[in-house]
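Shown here is one chain on its own, the form predicted alone, set out as structure tokens.
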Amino acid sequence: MVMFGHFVLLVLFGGAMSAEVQRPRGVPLSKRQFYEEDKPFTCLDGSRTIPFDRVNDDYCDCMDGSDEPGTAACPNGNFHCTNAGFRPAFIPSSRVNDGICDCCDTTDEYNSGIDCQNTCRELGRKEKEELEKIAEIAKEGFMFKKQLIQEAKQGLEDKKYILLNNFMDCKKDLEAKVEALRTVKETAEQPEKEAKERHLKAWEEQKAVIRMEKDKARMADVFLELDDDDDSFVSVAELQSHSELDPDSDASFTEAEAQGLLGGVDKVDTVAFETVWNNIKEKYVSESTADVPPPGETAQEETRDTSSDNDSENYPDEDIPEEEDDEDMDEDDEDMDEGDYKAPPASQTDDKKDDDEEGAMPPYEQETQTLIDAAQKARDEFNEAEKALREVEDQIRNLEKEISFDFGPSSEFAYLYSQCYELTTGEYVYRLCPFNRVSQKPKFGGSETNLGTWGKWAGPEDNIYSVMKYEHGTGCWQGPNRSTTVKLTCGKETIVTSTSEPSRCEYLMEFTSPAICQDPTSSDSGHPDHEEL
């Protein structure tokens, strides 16, 4: 049994030996007042009071384990490592005298027989060196930050000046220029339009004359073709020889029907035939072309014949595939989207045929062409001015957006705007464009994946600018949209230091920047000002 008599003599090191502080083994200095040797001990949870000689007697009396701070008797107890020269620490009481050195000052293995080396001063020295490096980085980073703040302030003032004095004035000038050129354009387009309409009207009249002359020539040819007996008349019998002229198309072209087409007479001469021609010319089929099949039908028949011959030659009767072709065709039909269907080209219209026969519209007269050139020049100048105005308006919008952006309390993060930073890993190239987006692209080729677009600052209330949140990236398969959390740490350089995917489709990126560095003279140094012994 280990009794309380086993006190630890604790000395405060600092060059010369200082005050000696006695307390039970495993008790921190902050709780020394609860352990008075000449008084009964009350459990720290207040559950009971026991004689003081039962403290550290290797038997657990208190439910909270506070009576055995220096032994392993209580499963829920904690042992305090003094660790002179380094940082004090607590370990579970179960580790006391377990044969493993947990405290750097070896106080947890006082009765295990294990030979532990006191490494506290070496650990303290290394920690001090590391803290000094961190402090130096923070100091240099903060110096960069002050420079960034000054540059941001100057840049913001410059952008506001450019916005108010350059772009706004330029926009007003361009707006006035666009309106002036619009008037010039509309003024030039009116005579152009009238001249084009006159030219088109003249061409339509010319085409009408050409069509009328061709129609008369065809009428004369048809008269001669119908006048089988060459008596300079077209009779009822001669008209009946063309069954396609049957008015009711009932396959019975009667004498009365033919006489009706001739105006109620038995025969007509060339003059009277002009009226008859207007009634039959749409149906009339010339005898010279009646037996000639349309080109399309001839081609289709030849194709069918050729296909039949080829099929019989390529496949013996027993080898001709039947069901497989049908199945493949069905599958192709199913796979074809509505958007894939293409209608056969429309047949050429009569107007188009007439245009081909009548030739292209003649070129514009010099006077009309001059008006067209003047109007086109006015249009080009107007379009160019309108394009310049749109570009200036875009620049104004972008500048207003940048000026209104939250770049930190002193705009220290403004330098990150419109910049991108990359980190290449074994498989991917990660790209962070602050205040814009985060992306991932395969290192050896492939499409880029959006890991999130700028959302907001997402740090804790006391340090909100320490975390960036990028949201609504490319959706995962049967999962959420990708998102990225960017944690900022102080550093002299602006670089992406690491990336990971802690959860599916949720990425974590570590990013160093001098903009996040704090003033080292006003911040906590990160380690205690004294050692508790």
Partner chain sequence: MCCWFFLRRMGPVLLLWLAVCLSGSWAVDKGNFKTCDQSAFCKRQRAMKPGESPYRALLETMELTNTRLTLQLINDNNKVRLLLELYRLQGNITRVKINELKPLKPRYEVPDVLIREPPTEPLSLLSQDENGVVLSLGSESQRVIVSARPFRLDIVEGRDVLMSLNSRGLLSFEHLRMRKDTFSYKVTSTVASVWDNIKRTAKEEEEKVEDGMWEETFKSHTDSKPSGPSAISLDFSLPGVEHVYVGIRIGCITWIVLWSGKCFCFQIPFCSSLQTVFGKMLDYVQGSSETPQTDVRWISESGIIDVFLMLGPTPRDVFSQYASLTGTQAFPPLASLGYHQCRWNYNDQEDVRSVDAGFDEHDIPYDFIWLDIEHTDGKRYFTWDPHKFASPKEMLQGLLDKKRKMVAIVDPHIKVDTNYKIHNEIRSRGFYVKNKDGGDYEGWCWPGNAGYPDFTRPDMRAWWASQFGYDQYEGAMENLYTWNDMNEPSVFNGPEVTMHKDAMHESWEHREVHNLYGLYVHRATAEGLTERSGGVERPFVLTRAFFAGSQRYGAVWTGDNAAEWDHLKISIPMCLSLGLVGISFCGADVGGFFKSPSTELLVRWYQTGAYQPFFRAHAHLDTPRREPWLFGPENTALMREAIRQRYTFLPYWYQLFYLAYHTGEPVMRPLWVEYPQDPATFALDDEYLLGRDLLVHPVTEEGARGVTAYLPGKHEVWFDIHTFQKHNGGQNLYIPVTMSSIPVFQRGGSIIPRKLRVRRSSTCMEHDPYTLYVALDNQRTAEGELYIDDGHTFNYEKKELIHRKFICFCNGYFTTKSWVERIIILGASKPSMVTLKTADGENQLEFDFDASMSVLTIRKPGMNAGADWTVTLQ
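Since the structure is predicted, the reported quantities are computational estimates derived from the model, not experimental observations. Residue numbers count along the first chain shown, from 1. Heads up, when I say rigid core I mean the largest set of C-alphas that superpose within 1.5 Å between the two forms.
Absent from the display: the form predicted in complex with its partner chain. The rest refers to it.
Participant: In the model of the complex, does Pro92 have a heavy atom within 4.5 Å of its partner chain?
Facilitator: Contact check for Pro92: yes, within 4.5 Å of its partner chain in the model of the complex.
Participant: Decide whether Val96 counts as a contact residue for its partner chain in the model of the complex under a heavy atom distance cut-off of 4.5 Å.
Facilitator: Although its partner chain is absent here, Val96 would touch it in the model of the complex, with heavy atoms inside 4.5 Å.
Participant: Is there any non-hydrogen atom of Glu257 lying within 4.5 Å of its partner chain in the model of the complex?
Facilitator: Heavy-atom contact with its partner chain at 4.5 Å: absent for Glu257.
Participant: How about Pro75 - does it come within 4.5 Å of its partner chain in the model of the complex, if we only consider non-hydrogen atoms?
Facilitator: Contact check for Pro75: yes, within 4.5 Å of its partner chain in the model of the complex.
Participant: Heavy atom within 4.5 Å of its partner chain in the model of the complex: which of Glu501, Glu37, Asp45, Glu493 fits that? Just give me the one.
Facilitator: Result of the distance check: Glu501.
Participant: For the chain seen here without its partner, which of 217-225, 96-104, 158-166, 129-137 has a heavy atom within 4.5 Å of its partner chain in the model of the complex?
Facilitator: The contacting stretch is 96-104.
Participant: Need the contact residues for 54-73: heavy atom within 4.5 Å of its partner chain in the model of the complex, sequence order, or none if there are none.
Facilitator: Going through 54-73 in order - heavy atoms within 4.5 Å of its partner chain in the model of the complex - the hits are Arg54, Asp57, Asp58, Tyr59, Cys60, Asp61, Ala72, Ala73.
Participant: Taking 2 Å as the cut-off, check whether the CA of Phe79 shifts that much or more between this form and the one not shown after a rigid core fit.
Facilitator: Yes, because once the rigid core is superposed, the C-alpha of Phe79 moves 2 Å or more between this form and the one not shown.
Participant: On a rigid core superposition, would Gln419 pass a 2 Å threshold for CA movement between this form and the one not shown?
Facilitator: Result for Gln419: no, shift under 2 Å.
Participant: Superposing on the rigid core, does the Cα of Ile114 end up 2 Å or more away between this form and the one not shown?
Facilitator: Yes; that C-alpha moves by at least 2 Å between this form and the one not shown.
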